[in-house]
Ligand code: SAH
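One chain is shown next in structure tokens, namely the form predicted alone.
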């Protein structure tokens, strides 16, 4: 029996109802699929049974990798590699119009999402993301301004991705049972190339990093160091210089990008 490794943040999804619910979020038949961290292969098996056009999975754990290779050797369209997802250049290896699934390890989930947002070529090769996060992280991704959970993750995600669906998953759906609940989020990339380009994303990362490093302070001082003609720019965009970073909507942040020095 395979033993989950705490060091890798392994919590295997075992609830068949949740697996079926994930499968039903999007059409899989004759699609290109990538699965991040297939683990014991419970979701993998369901995807393969539907009949994807191609199926590529990345599993870091050597023991799980060998088990998956043994269990699914007879599926000719199933390719599996034993690598750390954070060391894989997904932008390079993805096929066009790929759907990405992943029950993401809690300890690296935000890093994986950020890497997917940071693709240099936009729109990206993936067309849907169906990802499982710790509920607290999912709340940060979905959050709107003026909420305590609102911050850089919500702003950066919303710049390039749109949330199409989401649902919560009980901690009892996993083995071993984690201390927290989870949330599945279905994301789709914006197709607009114009203001979603990589340089604008880097400016947005810089702006939000400086602002949210002092999230409890008013933006008037921080804005002088990063926004061109900050006083008049903020006035023209109807942003009060005395607000705090969490009180500025995503849309206003996206408007500020063109004035970042």
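Residue numbers count along the first chain shown, from 1. Quick caveat, the model's predicted, so the values are computed rather than measured.
The same protein also has a form predicted together with this ligand, omitted here; what follows describes it.
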Open item on the list: Give me the residue from 80, 99, 186, 85 that has a heavy atom within 4.5 Å of this ligand in the model of the complex.
Closed with: 85
Task: Proximity to this ligand in the model of the complex, single hit among 207, 33, 58, 234 (heavy atom within 4.5 Å) - done: 58
- [ ] Please run the contact check for residue 109 against this ligand in the model of the complex: heavy atoms, 4.5 angstroms, yes or no?
- [x] no
Task: Proximity of residue 230 to this ligand in the model of the complex, heavy atoms at 4.5 Å - done: no
Open item on the list: Can you tell me if residue 158 lies within 4.5 angstroms of this ligand in the model of the complex, counting non-hydrogen atoms only?
Closed with: no
TODO: Flag residue 23 as yes or no: does it have a non-hydrogen atom within 4.5 angstroms of any non-hydrogen atom of this ligand in the model of the complex?
DONE: no
Task: Residues 10, 38 and 42 all lining this ligand in the model of the complex, heavy atom within 4.5 Å - done: yes
- [ ] With this ligand left out here, work out from 99-107, 113-121, 150-158, 133-141 which stretch has heavy atoms within 4.5 Å of it in the model of the complex.
- [x] 99-107
TODO: Check each residue of 237-254 against this ligand in the model of the complex and list those with a heavy atom within 4.5 Å, in sequence order.
DONE: none
